[in-house]
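Before any questions on how it binds or moves, here is one chain, the form predicted alone, in structure tokens.
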């Protein structure tokens, strides 16, 4: 009997961090860069109010949320598109711009979904080498060819925790051809407070050849609702609406998102929590010669090259204590683990375990 055959896809599959452990109930999950404090109580209330009307379709174009975003960041609501996570914005971008054999440049250890979506639409993915796990403008520019269509960059970057300065980002856009779309993933911008850093949105919101994406999964604590948005020229956003699925953002996500993004007090609380614990954790890691990035996001990329134990040993010892970190195998970063900054109890437990492992 002849059956339907799906086409063969030579595409890398995203591998998320572990979330469950055999024989250990309620492990401490520090593998997915999720919010340490969870969402704003106001966002939770908004979510609960939707339970009696979930039989009704949500807004098709997320207009209410777009209006809130527009007012918060002083940008044009008609140039905003919302998606089921910023992942969907990457998908729409690649679908809209890429022809087979076009080239898409990503950084060596950049967020892996950028290259997965590019591959899905049959682009040739070009890796630009990094320097000390930091994106290099010079290396990106060296990779540009006549077939380059998009450059993806996350700033700050996941999983390395490094970032390009404002002047480096401006230099990159100025030296790229005008017909190359620069996509800046702003997922972790909320956590970075340094004088030489400016978010992609603040740098390029008036540019016509830049697309900025943001997510509700990190500082807003709505990872489970899958909500993100993008901002670009009206021409690009209008084209995205032509291919966007209808009702792509659910009712609960829209309602919770509007409250989450407006609750500045909760956002500041989340920021200060991460800032406080990043200093404590950084100090402990430094004490045991575990190399890592300074506080730029809600995670640390830990390198074990100068320690007596390798990343696999540390991972397994933490697992036995019920703590899950993220292996860096898929990102091809050897002897390294990524740690998410958790709540007070989780962070204390992690520090205690690290001390017991390395003392």
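Residue numbers count along the first chain shown, from 1. All figures in this text were calculated on a predicted structure; none of them were measured in a lab.
One more form of this protein, predicted together with a small molecule, exists but is not displayed; see below.
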query	finding
Partner-contacting position among 111, 191, 97, 204 - heavy atom within 4.5 Å of the small molecule in the predicted complex	111
Listed residue that, although the small molecule is not shown, lies within 4.5 Å of it in the predicted complex (heavy atoms), from 226, 173, 251, 244	226
Candidate stretches 85 to 93, 280 to 288, 143 to 151, 71 to 79, one within 4.5 Å of the small molecule in the predicted complex by heavy atom	85 to 93
Contact label in the predicted complex: residue 273 to the small molecule, heavy atom within 4.5 Å	no
Residue 218: touches the small molecule in the predicted complex, heavy atom cutoff 4.5 angstroms	yes
4.5 angstroms heavy atom contact with the small molecule in the predicted complex for residue 187	yes
Touches the small molecule in the predicted complex: residue 158 (any heavy atom, 4.5 Å)	yes
